[in-house]
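One chain comes next, on its own, written as structure tokens: the form predicted alone.
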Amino acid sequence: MKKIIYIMALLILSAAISYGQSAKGIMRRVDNRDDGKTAISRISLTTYRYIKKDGKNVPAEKPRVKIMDYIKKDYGPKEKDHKSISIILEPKRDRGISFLQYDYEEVGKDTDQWMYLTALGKVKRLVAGNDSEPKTGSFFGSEFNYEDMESYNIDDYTYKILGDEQYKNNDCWVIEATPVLRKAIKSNYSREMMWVDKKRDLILKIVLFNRNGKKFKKIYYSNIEVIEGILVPRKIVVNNIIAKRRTIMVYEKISLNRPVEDSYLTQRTMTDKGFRERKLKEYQNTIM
């Protein structure tokens, strides 16, 4: 009898370990999915407070719209390091405000972020108040915070498959990701649930929980197209459940794997208007 119980326990443990490994394996496939070595995009960012009306979320105020250009390039032997810059074009009064970000594959190495405000004429590095709290503030006044903009490092989390279900006619894994300690102390989120398309290894929906364990945000990825052989969600919606605010990010134009100069992904682009505008015009001519 003891032998039978022992064998059953081993089988259960083996299944649990395999299950855990498959969850991380799924996320590794998501992480390894080709998204292009470079990206040059025109993006609209629409933000508003919403209310419930006839069972739907509708704007409770005039939406604020920003138009920006986004340029990204991958680095490193596995192309897991990234440099990117986002530059506001409209409204006119905000033109030139920019956000520079460097992401690193190295475990435990924090993303570097800088903001440039034209009114101040200064570059500000974005950091948390101390090593045990997250960064505060939002990306260009949207419901994306600075952490949301960072590249996802799968080794910052442990994973569990909660099940599978249909989401908008797609067979999906529902995967829970919980930050490891080094990530948890610097994160705005205590955990997240992701709906991953089984066929395309693509995240279609995320539910984020705040540090108190309450549902905080829902993020939806849609309008998925194949651009130059690469799957691209052209619409991303973030819904802040607590603040009842929503941001819609739409890739109006995008080109992948076009040449991007390293020198453009630096602080010089933020502060040197002539350099920024001259090169930006060249990149704009490449996007579709």
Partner chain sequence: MKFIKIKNLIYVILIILICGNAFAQNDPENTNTKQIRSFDNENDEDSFDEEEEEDFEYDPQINNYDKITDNSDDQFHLWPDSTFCVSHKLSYGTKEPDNEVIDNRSYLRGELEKTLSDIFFVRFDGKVTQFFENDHVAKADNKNLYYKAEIREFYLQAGFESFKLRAGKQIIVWGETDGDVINDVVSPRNEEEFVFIDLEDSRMGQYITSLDIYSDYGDTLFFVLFKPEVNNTPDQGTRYYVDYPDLNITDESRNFSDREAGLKWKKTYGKFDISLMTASLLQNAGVLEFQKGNEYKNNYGRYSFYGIGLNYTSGSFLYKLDASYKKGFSLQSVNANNQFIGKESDLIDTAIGIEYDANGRYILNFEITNRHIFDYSEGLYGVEQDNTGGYFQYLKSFLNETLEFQYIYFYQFQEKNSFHQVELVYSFSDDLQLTVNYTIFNINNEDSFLWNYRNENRAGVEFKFYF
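We call the rigid core the largest set of C-alpha positions that still match within 1.5 Å between the two forms. Numbering follows the first chain given and starts at 1. Just so you know, these numbers come straight off a predicted model, no measurement behind them.
The protein also exists as the form predicted together with the partner chain; that form is not presented, and the subsequent description refers to it.
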Only hit among 211, 200, 182, 215 for heavy atom within 4.5 Å of the partner chain in the predicted complex is 215
Partner-free chain; cross-checking the partner chain in the predicted complex, the single residue of 190, 153, 138, 84 with a heavy atom within 4.5 Å is 138
Open item on the list: Whether residue 257 contacts the partner chain in the predicted complex should be assessed with a 4.5 Å heavy atom distance threshold; does it?
Closed with: no
message = Would you classify residue 92 as touching the partner chain in the predicted complex, given a 4.5 Å non-hydrogen atom cut-off?
response = yes
_Check residue 239 for me: does it contact the partner chain in the predicted complex (non-hydrogen atoms, 4.5 angstroms)?_
yes
Would you check, heavy atoms only and a 4.5 Å threshold, whether residue 265 touches the partner chain in the predicted complex? no
Contacts from 187-215 to the partner chain in the predicted complex (any heavy atom within 4.5 Å), listed N to C, are 193, 195, 205, 207, 215
| request: Superpose on the rigid core, then tell me if the C-alpha of residue 56 is displaced by 2 angstroms or more between this form and the one not shown. | output: yes
Inset, instruction - Superpose on the rigid core, then tell me if the C-alpha of residue 32 is displaced by 2 angstroms or more between this form and the one not shown. - result: no
Q.
Is the shift of residue 126 between this form and the one not shown large enough to count as movement, that is, does its C-alpha move by 2 Å or more after the core is superposed?
A. yes
Checking the C-alpha spacing of residue 130 and residue 149, a student should find that in the predicted complex it changes by 3 angstroms or more, with the atoms closer
In the predicted complex the CA atoms of residue 273 and residue 255, compared with here and shifted by at least 3 Å, lie closer
